[in-house]
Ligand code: NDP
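A lone chain, given as structure tokens: the form predicted on its own.
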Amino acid sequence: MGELRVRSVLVTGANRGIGLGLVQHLLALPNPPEWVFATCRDPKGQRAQKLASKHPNLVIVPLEVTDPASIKAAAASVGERLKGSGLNLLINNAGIAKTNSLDTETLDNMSQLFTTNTIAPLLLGQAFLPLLKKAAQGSPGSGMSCSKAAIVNMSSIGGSIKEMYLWEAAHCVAYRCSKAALNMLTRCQSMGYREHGILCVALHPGWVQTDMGNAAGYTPPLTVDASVGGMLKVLSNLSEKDSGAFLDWEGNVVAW
């Protein structure tokens, strides 16, 4: 398997868990990106500042993914920093989960999870589309790849209608519905952005040992390092044939 080579990448929800792991792994690559944009709600947090002080190619970007104005401001800030070169890779990782059952789901819960897990990736795709198009146009060769221009939506096997993964352990109705909708969004983006040369995929990172992964009261089987290392290998090998796919951290196709 090849190593991911990308000039610029933006990761949402980079303050902890998988998002932080992605940023750390990207910075540690033999050929790290020229720009790694890590978004979080509190850019002045100690963890973010410590990382940024060690890596001149890391830029902490303030972003509240549920706020359209914040999304537009982040896109403008990133565009200024890139100075006309475009953004190669947008990783929509920010997400939330709640363990509510069919009986306890509420309008507020459903709205909150859909806003963060489904609507935010749509709005981020819209806001960063000009920069992604610029990157695709400025990359040599035909075809699609994450090195050229791509949107990666962090999904979950919990959103697989076929699998209904871990239903007995946690119903998580709003979470499952929001991720199933995110998968459809990914398919729509893959169709709508194909003409611009932008690859779009949904990725299941595995059941990972994070605050979210531990929420159901069980210890997940995967470490953040194992999940992120696997996903970056998968991303390095994606091509046009994979656009619109739903894959896991090992590159296996996940059933819709």
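The structure presented is a predicted model; accordingly, all values stated were derived computationally and were not measured. Start at 1 and count along the sequence shown; that's the residue number.
Absent from the display: the form predicted in complex with this ligand. The rest refers to it.
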| item | value |
| --- | --- |
| One stretch from 103-111, 135-143, 73-81, 155-163 that, in the model of the complex, holds residues within 4.5 Å of this ligand by heavy atom | 155-163 |
| Joint contact, 16, 175 and 205 to this ligand in the model of the complex, by non-hydrogen atom at 4.5 Å | yes |
| Contact flag, residue 41 vs this ligand in the model of the complex, heavy atom cut 4.5 Å | yes |
| This ligand contact at residue 225 in the model of the complex, heavy atom, 4.5 Å | no |
| Heavy atom of residue 148 within 4.5 Å of this ligand in the model of the complex | no |
| Close approach of residue 210 to this ligand in the model of the complex, 4.5 Å, heavy atom | yes |
| Sequence-ordered list of residues in 221-242 near this ligand in the model of the complex, where near means a heavy atom within 4.5 Å | none |
